[in-house]
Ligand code: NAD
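To begin, one chain is listed below as structure tokens, in the form predicted on its own.
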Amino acid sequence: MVMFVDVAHMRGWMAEHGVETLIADLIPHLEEDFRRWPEFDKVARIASHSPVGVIELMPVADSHEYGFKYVNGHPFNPRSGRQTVTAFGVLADVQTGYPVLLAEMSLLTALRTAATSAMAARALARPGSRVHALLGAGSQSEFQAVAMRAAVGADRVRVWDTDPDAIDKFLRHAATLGIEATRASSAVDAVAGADIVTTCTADKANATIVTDAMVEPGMHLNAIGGDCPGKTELDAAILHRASTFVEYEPQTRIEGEIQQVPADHPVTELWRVLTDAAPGRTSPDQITVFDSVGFAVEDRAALRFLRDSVAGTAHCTDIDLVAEPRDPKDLFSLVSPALAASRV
């Protein structure tokens, strides 16, 4: 039997513990895996692009566990009442190849993306950062806001989106969460004076959400919306002023903000900062960019965290996913009685 966490179980788990608590608890698991980054068998995600979106498979493994996530990105889906991004994931035992967990990952990915952003901000943003500019009030926005509050104490949010209804939605949730949030009149207004700037828009296009002139000394930019070829959010000039940090450089070169700059443009993988193999922020005026596209190590950490948290609780069930005949060499035995009955 395989542990199974569906949407109802995931919602119950998150409601019991609280989103902010789960994000805070997930961060150490992410840090642990990032610090042993070289131990993982890594590959850039396998993507199938179409004019309307992308479908991706994100695999990774170490010597004990294999994990993958299936995820899509279809920015026009909300027009028909569907989510832009949906996902599910699997965790498997490397020794046997058997799956041990199957889980929904739309909600879980929101937790892991926010926790990864917060982990990076804790390592790269100025100490004492309080003001968080949020450009994009879609599905990620509330998770990003509570993550920055939990990890670095950024408890004041300025939000802007081209969709006023999305801002209204965010402000309603922010009030429930006890977040001090204000509606900005523009992206420029939101970013002015901010310590941390998060860009999380959904349009599959090369856009300039943040111009070079908007970026002030000492800012940390958390760029999470540019996550596929031809989709960016930052003015390329910013990357020439800033120190840029990434997850897995081969993937980010294809999908991240750095697809706009030459292949030899210097970047630092975040795991090297977390292991003290490379410097992060070196001065209060330094501009730092976390060019985050999402990587499979993060999903695997989130799946392991989920498994360990829900095991033995009401927040999971078992499903019969693997065919197991009594004789492992006689798979046909599972269907032969049915075949015989059909002839009667």
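Quick note: we count residues from 1 along the sequence shown, nothing fancier. On a predicted model such as this, the values are computed, not experimentally measured, just so you know.
Keep in mind the form predicted in complex with the ligand is missing from the figure; the text below concerns it.
C200 is the sole member of L270, A181, V191, C200 with a non-hydrogen atom within 4.5 Å of the ligand in the model of the complex.
Among R158, R149, H220, R112, the residue placing a heavy atom within 4.5 Å of the ligand in the model of the complex is R112. Screening 96-104, 256-264, 78-86, 150-158 for residues having heavy atoms within 4.5 Å of the ligand in the model of the complex returns a single hit, 78-86.
When contacts are defined as a non-hydrogen atom within 4.5 Å, all of Q140, I224 and V293 contact the ligand in the model of the complex. The ligand is not shown here, but in the model of the complex it comes within 4.5 Å of a heavy atom of D163. Residue contact check for A133: none of its heavy atoms lie within 4.5 Å of the ligand in the model of the complex. Within this chain, I209 lines the site of the ligand in the model of the complex, having a heavy atom no more than 4.5 Å away.
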